[in-house]
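Quick setup: one chain, the form predicted on its own, written in structure tokens, and binding and motion questions come after.
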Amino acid sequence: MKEADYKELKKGGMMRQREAGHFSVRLHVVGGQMTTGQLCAIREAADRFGKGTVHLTTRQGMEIPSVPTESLASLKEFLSDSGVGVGVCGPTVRTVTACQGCRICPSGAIDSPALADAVDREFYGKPVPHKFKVGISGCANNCMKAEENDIGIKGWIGPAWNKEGCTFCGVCEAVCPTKIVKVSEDDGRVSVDLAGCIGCGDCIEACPTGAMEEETRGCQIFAGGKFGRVPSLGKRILGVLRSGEEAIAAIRAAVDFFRIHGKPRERFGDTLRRTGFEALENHMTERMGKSA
């Protein structure tokens, strides 16, 4: 096979194996969600075109390995008829990962699957200077490791103290994982240092009188994270985003910045270390009309 032909196959998620003449075919999975019908089709495809095995990837994806070159087109057609798309590779926006979110998980602050679908519809497979990954965690527990993505989203619940009804029992201070809640009955107040708050909402959940209330719900956004050979964690940017539409606008502005300033084969985090994170925030502030 000519190298140019292989590059075209790789763009479509078909990756060459060590075994000559065989490919591992990446499937399009959004936020780890699949229907039972799709799973049945994937099983049949693996039996018919591969060797009866399926590989689960580290980013909630699936691959069918050991597919002969001459079967690639037939496999793709079979999967398409069953509602299963093939993945992408190369310098594109990749599959978005997500947790089950607030509709399933009791800790969830945002609807992660719905946001993942919206991200996928607008950005999946679109060209960028290098691979670009988005991960969505529905709450501060951060199961999807937001800081390890080029853009990471993490659900947020912000507290506010209401003096009315407060008995100064100290439960909110005791459960706070970052110790930013301080109860002072002598002073007649409870202070919350939001600069150190991780938005878990534990103080709200634990308050027996309802004096600690939910003031904000939304998400935080992190930029420039990656794993691989030289891992680095993304940095939090902007303030709390209040809606899915704001989150999509933030990702749109970040992708736009990457296309303007990124170099070929340069990850987003490396671009940001070269330009400075402030440049990204200024760009996003301008595009979103939002205060950084």
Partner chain sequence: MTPMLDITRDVCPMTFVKVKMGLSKMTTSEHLEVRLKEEALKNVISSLKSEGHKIVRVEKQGEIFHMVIEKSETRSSTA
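Numbering follows the first chain given and starts at 1. From a predicted model like this one, the values you see are computed outputs, not experimental measurements.
The protein also exists as the form predicted together with its partner chain; that form is not presented, and the subsequent description refers to it.
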field: Candidate stretches 69 to 77, 169 to 177, 145 to 153, 125 to 133, one within 4.5 Å of its partner chain in the model of the complex by heavy atom
entry: 169 to 177
task: Answer for P208 alone: is it within 4.5 Å of its partner chain in the model of the complex, judged on heavy atom distances?
output: yes
- request: Considering only heavy atoms, tell me if I204 and its partner chain come within 4.5 Å of each other in the model of the complex.
  value: yes
